[in-house]
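The chain that follows stands alone, in the form predicted alone, written as structure tokens.
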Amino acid sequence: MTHLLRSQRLKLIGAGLIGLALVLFLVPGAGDISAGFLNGAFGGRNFFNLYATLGRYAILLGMALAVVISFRAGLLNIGGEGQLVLGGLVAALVGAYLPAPPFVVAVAALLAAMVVGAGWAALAGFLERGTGVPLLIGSLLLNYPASFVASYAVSHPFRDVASGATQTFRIMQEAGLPRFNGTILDYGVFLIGAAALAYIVLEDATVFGYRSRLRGYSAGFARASGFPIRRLYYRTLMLSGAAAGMTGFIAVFGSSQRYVDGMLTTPLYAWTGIAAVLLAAVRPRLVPVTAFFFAVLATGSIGMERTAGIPREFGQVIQALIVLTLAGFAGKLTAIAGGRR
């Protein structure tokens, strides 16, 4: 495993050099581009863009957390998008229809989102354990029915027709996550940050974390050691799905205040979370850093387009280069996880 991580770091250096070459040699006016990028990520009036970056960071960190939980145990759960979408949808419905005090509504929506996300991840595990569908394939394919169900729900039975958009009704206003004074940034960044810190402690200092980590390194050795492999399998998947569901809650109860069709799929939060975890070499302590990098890349690209006329898709090209250089490492991860049954 160690030599794989070293090889990955060399690949990442190569990806960074390629991206730097594109900026410095293939595009004129590199100085203006850099200034636009930095302003788009950190500047703006009253640091508006910085708050936008941090808001995006909260979602990306949540999805990266969901990925690293499963990957550390050798479980290639890439169904985070479906778990995120269903978590966000259920949170929006609870927030809009539950007749209860605001605090109760918020807690109920959070718990419901986490339960739905955990259940959807467990379904992918059941498909592997019960029917032989590989987790990689089953979790991926479950993204599609989740997105279709959510689209149908906000297009027909739960649509706010008067708004003219494909979206649910607004959640109870008092139940939404509070915002920092005078900003668009809500306290969801604290919630997801606390969750990430809790997982780092869980992974480093508990029996569950040790067993999960050891299973990722060698499923055969973990089985021979008498670990409850089946229970560990489902617990890890459900914890991963719960993190994705919680992220859906944060997206809905934060800036959006409702579920809008496509709001969690179009920005590719789940797939960027996977890239952030691979960039961190599947190390939980580095995931917050790499997730922030991708958040900066996304918002900085918007400022680059506005200032220097470089399409924001250029940032996606840089991200794609990173993902492509990591593709070989992901394949090796698949091989490592292949003997987990």
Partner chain sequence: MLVPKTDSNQGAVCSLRSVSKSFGSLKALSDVSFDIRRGEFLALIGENGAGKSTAVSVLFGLLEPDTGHVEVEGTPRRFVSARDAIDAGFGMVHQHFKLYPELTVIENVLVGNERGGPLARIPFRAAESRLRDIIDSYDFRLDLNVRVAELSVGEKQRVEILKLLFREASVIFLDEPTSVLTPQECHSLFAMLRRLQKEGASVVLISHKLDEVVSNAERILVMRRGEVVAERAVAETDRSELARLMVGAQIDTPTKVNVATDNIALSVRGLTVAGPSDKPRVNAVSFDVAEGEIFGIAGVSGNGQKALVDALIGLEPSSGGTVLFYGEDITRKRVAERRAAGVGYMSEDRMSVGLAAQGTIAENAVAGREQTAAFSRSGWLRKRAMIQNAQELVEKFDIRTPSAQQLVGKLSGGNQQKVVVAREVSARPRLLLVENPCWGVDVGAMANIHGQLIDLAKTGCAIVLVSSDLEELFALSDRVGVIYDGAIRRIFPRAELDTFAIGAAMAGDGQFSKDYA
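Here the structure is a predicted model, which means the values were calculated and not measured. Numbering follows the first chain given and starts at 1.
Keep in mind that the form predicted in complex with its partner chain is not shown, yet the notes after this line are about it.
J.: Just one of 97 to 105, 214 to 222, 188 to 196, 160 to 168 has heavy atoms within 4.5 Å of its partner chain in the predicted complex; which?
T.: It is 214 to 222 that comes within 4.5 Å of the partner.
J.: Taking 4.5 Å between heavy atoms as the contact cutoff, choose which of 266, 206, 173, 155 touches its partner chain in the predicted complex.
T.: If I apply the 4.5 Å criterion carefully, the residue I get is 206.
J.: Please run the contact check for residue 201 against its partner chain in the predicted complex: heavy atoms, 4.5 angstroms, yes or no?
T.: Residue 201: yes, in contact with its partner chain in the predicted complex.
J.: If we define contact as a non-hydrogen atom of the residue within 4.5 angstroms of the partner, is residue 126 a contact of its partner chain in the predicted complex?
T.: No, no contact at 4.5 Å.
J.: Using a 4.5 Å heavy atom cut-off, state whether residue 227 contacts its partner chain in the predicted complex.
T.: So residue 227 counts as contacting its partner chain.
J.: Would residue 180 count as a contact of its partner chain in the predicted complex, using a 4.5 angstroms cut-off between non-hydrogen atoms?
T.: It does not: once its partner chain is placed as it appears in the predicted complex, residue 180 has no heavy atom within 4.5 Å of it.
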